[in-house]
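Before any questions on how it binds or moves, here is one chain, the form predicted on its own, in structure tokens.
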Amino acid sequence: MKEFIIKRLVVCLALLVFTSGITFFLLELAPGDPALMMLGQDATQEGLTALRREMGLDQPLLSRYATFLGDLFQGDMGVSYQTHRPVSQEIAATFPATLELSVASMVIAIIIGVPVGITCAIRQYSLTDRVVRFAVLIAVSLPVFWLGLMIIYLFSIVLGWFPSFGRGGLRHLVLPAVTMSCYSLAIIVRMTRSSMLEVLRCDYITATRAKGIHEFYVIYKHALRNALVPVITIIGLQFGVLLGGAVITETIFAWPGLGRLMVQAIFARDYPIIRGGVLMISACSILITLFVDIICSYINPSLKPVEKS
């Protein structure tokens, strides 16, 4: 297992380097001049030239990437073009809000999604199963921005139950967390239902039932353990999606997280912030995937790496 983890960490590092390269070169190919955005349309050519030299934009592209990569390995993500603060400080100030929102959304999705999926599998083709599958189809199809606006209109404007923007107590967290959780909840319900149905059709479940064991133990002790492996995998993937997809939700609800910071940086051509945000989200997603693999190997020992003789 230690060798497996070390190999995966090396792969994770390589993926981060690859992600940094893709992000860097795509941003450099994007239209717009950061120096012009900072100085405005009335800037003189001399001022633009001096600022580009100060920002290192007058250097060749490969030279800039080599400098960026070298600084990155030393823990330096650069300095924001707007605030002139280190990117690491900007991310440290906003990422906890994004993490809080993503964790709350995933908790909602798991608490509701897994039991509902198990219920639908046990009562396949029942009215409950049909209604839930129809609701899942709607939840997957709804755009997040539209759903967020409708939730704000109903629960904030019409009913006045929750605030519609900002970060504060638990009441501020409810609407954005519910909005973000809908898609992941639907995916978890689908995966849990299909995984449970597949396991319940296995021969060992039939044999367990033939022994006269109570149905509760058949479902939750024997079937659920094996059915959880793909469910946990999809939960890990969805958590990474939530971290990256928080951009839209944070913008709608004015949630002061990393996603909203990146949107502001995109409009301002603040490339260091964009690069740092992408790398932070990528690193979290990769580490979550590694963590999920380790958990699945303990739930199902057959998934553990086999030692070579």
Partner chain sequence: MHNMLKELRRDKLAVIALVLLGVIFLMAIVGPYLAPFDPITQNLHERRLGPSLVHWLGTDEFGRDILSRLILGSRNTLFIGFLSVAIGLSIGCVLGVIAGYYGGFADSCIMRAMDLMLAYPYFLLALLIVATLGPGMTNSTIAIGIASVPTYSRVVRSSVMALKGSLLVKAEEALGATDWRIIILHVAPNVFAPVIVVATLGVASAVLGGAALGFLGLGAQPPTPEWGVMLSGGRSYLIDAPHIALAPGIALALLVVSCNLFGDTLRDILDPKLK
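If you're wondering where the values come from, they're calculated on a predicted model, not measured in any experiment. Residue numbers count along the first chain shown, from 1.
Absent from the display: the form predicted together with its partner chain. The rest refers to it.
The listed set G75, G160, P143, G212 contains one residue whose heavy atoms approach its partner chain in the predicted bound form to within 4.5 Å, identified as P143. Residue in contact with its partner chain in the predicted bound form (any heavy atom within 4.5 Å), chosen from A207, V131, I138, L170: I138. Against its partner chain in the predicted bound form, the set I152, G240 and I252 is in full contact: each member has a heavy atom within 4.5 Å. Using a 4.5 angstroms limit between non-hydrogen atoms, A30 touches its partner chain in the predicted bound form.
At a distance threshold of 4.5 angstroms between non-hydrogen atoms, M262 is in contact with its partner chain in the predicted bound form.
In the predicted bound form, its partner chain lies within 4.5 Å of some heavy atom of R190.
Contact between F18 and its partner chain in the predicted bound form is found at the 4.5 Å heavy atom cutoff.
Contact residues in stretch 197-219 (any heavy atom within 4.5 Å of its partner chain, taken in the predicted bound form) are absent; none meets the cut-off.
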